[in-house]
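Coming up is one lone chain in structure tokens, specifically the form predicted alone.
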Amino acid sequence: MELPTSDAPVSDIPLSVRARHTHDQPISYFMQQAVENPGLISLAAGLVDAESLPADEVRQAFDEILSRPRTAQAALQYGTTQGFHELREKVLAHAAALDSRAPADLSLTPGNVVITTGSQQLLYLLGEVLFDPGDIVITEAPSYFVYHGILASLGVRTMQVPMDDAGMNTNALEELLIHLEKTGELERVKLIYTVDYFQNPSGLTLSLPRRRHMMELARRFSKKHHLFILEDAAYRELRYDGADLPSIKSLDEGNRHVLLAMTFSKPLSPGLKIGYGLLPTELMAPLLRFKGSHDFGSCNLAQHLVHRLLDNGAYDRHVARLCDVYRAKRDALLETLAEEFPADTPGLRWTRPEGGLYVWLTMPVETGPDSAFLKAALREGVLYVPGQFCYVRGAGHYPKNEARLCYGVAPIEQLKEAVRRLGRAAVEVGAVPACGLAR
């Protein structure tokens, strides 16, 4: 198979600077391979479990909405740029309840909520509102590579801070902020970006002490400018083990520093394409001006469907069932990794996430797009995301021996077979000894 390249085709069309800075996302190639090669088991694309999609619940909600003229007309009419008011009320109460708080405790009203076309649109809109070319965003290393693409298209400099089992190393973050202040660049740092629950790609979660430290840093380094934290909590509700942690947003007294992005794509249905943001009041008007230029409001019918599912309890019941499904799939993947890859192999390890959709595998050999391991995996019929795509190019040295494994899509037996195929590929390239593998 031909692997992706960043080289753009030669064209005499006078594209904008932003268009020239916007490249294909690596995941597009891997999603395409999963669709076009039916014999390939994909652990690459971060898609959801198809068998668990709430078809019956959505069908019932759809029928209930369309069976009454008043609700049907409201759902099929244009909506507002900010989003269906009743849904904004619902998601605000829902997000606050996840932290065992009331909206007023968080200095939030429905006026601080925007409904977006998935959380991805919110990430892009916030970039348009906040960033000028040359501004700085600090992310985890590794981090969500699709967001890296957004930042590159906006001309933003992305700096990365290492992670460990407790998430972003906030001591290293503090050192970086101190360095940028000394070099006169602190005011260009607009945002700290974190996927703080079961991170994409690593599966790691930011610990409570580090949440508090990050919040303190945002306040302390907001000196001549305002430093925000973008908390991408897309996977928060997909928890399978352990105690829940408060959101960073819940630590943001006065609703000043934290931009909370959440979505219904992962815990409900990506086809509905509904996300939402809880934002400081000062950002709402400029963000809605940009959103109006995009679409004058996200799909109104989908918003009414999500509202109905929240209102009748179907959403909560679905999330509970979904967590059972993903817990079993995560366990199957981890158990088969332990069977197929000798634990005492030097340089070999993997994360054990308490939720989300991803396991981060570190190998004793290179795993990149041109590596012998990936080519062997493709011959065996299994695909993963090379970990190097999750680091910012040009931001310094990054590991080339990591891989993201997604257990969201494949059924349990396919997950097990995928790991067996990875094991055979590992033996082929000499990463692990053949005698250590279960067959």
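The model shown is predicted, which means the values in this text are computed figures rather than measured ones. Heads up: residue numbers just count along the shown sequence, starting at 1.
As for the form predicted in complex with a small molecule, it is not shown, yet the points below apply to it.
Quick one: in the model of the complex, does every one of Phe221, Ser247 and His257 get a heavy atom within 4.5 Å of the small molecule? Not a single listed residue reaches the small molecule in the model of the complex, so no.
Hey, of 120-128, 155-163, 329-337, 133-141, which bit sits against the small molecule in the model of the complex at 4.5 Å between non-hydrogen atoms? Looking at the other structure, the answer is 120-128.
Does any heavy atom of Lys273 come within 4.5 Å of a heavy atom of the small molecule in the model of the complex? Lys273 belongs to the contact set for the small molecule.
Can you work out whether Ser265 and the small molecule are in contact in the model of the complex, taking contact to mean some heavy atom pair no more than 4.5 Å apart? Yes - in the model of the complex, heavy atoms of Ser265 and the small molecule come within 4.5 Å of each other.
With heavy atoms only and a cut-off of 4.5 Å, decide whether Asp232 touches the small molecule in the model of the complex. Asp232: yes, in contact with the small molecule in the model of the complex.
Does Tyr193 reach the small molecule in the model of the complex, with heavy atoms at most 4.5 Å apart? Although the small molecule is absent here, Tyr193 would touch it in the model of the complex, with heavy atoms inside 4.5 Å.
Given that the small molecule is left out here, which of Asn200, Gln303, Thr170, Thr205 has a heavy atom within 4.5 Å of it in the model of the complex? Checked against the cut-off, the match is Asn200.
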